[in-house]
Ligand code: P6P
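First, one chain by itself: the form predicted on its own, in structure tokens.
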Amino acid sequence: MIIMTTLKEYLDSTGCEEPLKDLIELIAKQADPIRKAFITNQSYVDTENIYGETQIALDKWSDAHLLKVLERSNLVKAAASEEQPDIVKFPNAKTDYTVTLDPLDGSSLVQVNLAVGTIIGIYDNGKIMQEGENLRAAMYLLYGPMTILTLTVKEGVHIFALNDEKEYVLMEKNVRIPEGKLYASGALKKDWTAKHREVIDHLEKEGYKLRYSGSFVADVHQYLKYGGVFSYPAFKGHKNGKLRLLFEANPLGFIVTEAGGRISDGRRDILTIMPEKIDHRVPIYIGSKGIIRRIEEMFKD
């Protein structure tokens, strides 16, 4: 009989304080109710989020569910969600933890049964608006053939899977991103900048293969495993790209960096950027350290 390390056992082996362990486990448990809500919350609703994107019922359901769970826990002082226009404060909190969340990244893919996920960042100093390098922990839940939890508490990156007993067990320990040969780019090709087109031409000449699903968290998980570079660049009419610093770039960039990779806007480490507003956006290049450095060199040129 193979005995596997559970999420609780792993957390108990780390330097995490007890409230942080409780918060991580609480958020991880929400994968099951969120996944169960997929079937009954697939329709589009007559609302848009703060970015002007049409929401599906599952976006709103996941957002409301997670915020309710966080408030009831008394473990979180404030939260910022991609689906909310302002920071949500919880006055009864007993800790200084703050949480950023993308409740359901790639939600439009639920209708075609492709992988989507939940992205979480956790800070421990009472602030939401701060650089990503200050994160205390980052994690994502990926709803694919398996339900996966990828986590870092600044002690390496580890991947857990939810088993039939609704318990997370360790699948991969101390994940390190290789120098792989995959690439992806968001935005329409006709709208790319000349510099980004040069980057993509370089990748294709070097034999990189295109792998793009339309779910940022699912793509980053693939690149974390196989290496390469995922990009969502600046493009015509959007000099800061599309993806959000607080909800997407910082948590996933923190995880990839902890695994030995990099995240950059083409010129600097994204984790060093101070957010100017809740919906601060950044161009993104995320993946293997070597190719990210090469891309930064190309932008300097």
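In this text, residue numbers run from 1 along the sequence as written. Here the structure is a predicted model, which is why all the values come from computation and not from measurement.
Another form exists, predicted together with ligand P6P; not displayed. Remarks below refer to it.
Of the heavy atoms in residue 215, some are within 4.5 Å of ligand P6P in the predicted complex. Among residues of the shown chain, residue 61 is not one whose heavy atoms approach ligand P6P to within 4.5 Å in the predicted complex. Using a 4.5 Å cutoff between non-hydrogen atoms, residue 243 counts as a contact of ligand P6P in the predicted complex. In the predicted complex, none of the heavy atoms of residue 180 sits within 4.5 Å of a heavy atom of ligand P6P. Contact with ligand P6P in the predicted complex, judged as any non-hydrogen atom within 4.5 angstroms, is confined among 122-130, 158-166, 104-112, 172-180 to 104-112. Among the residues 143, 140, 97, 230, the one placing a heavy atom within 4.5 Å of ligand P6P in the predicted complex is 230.
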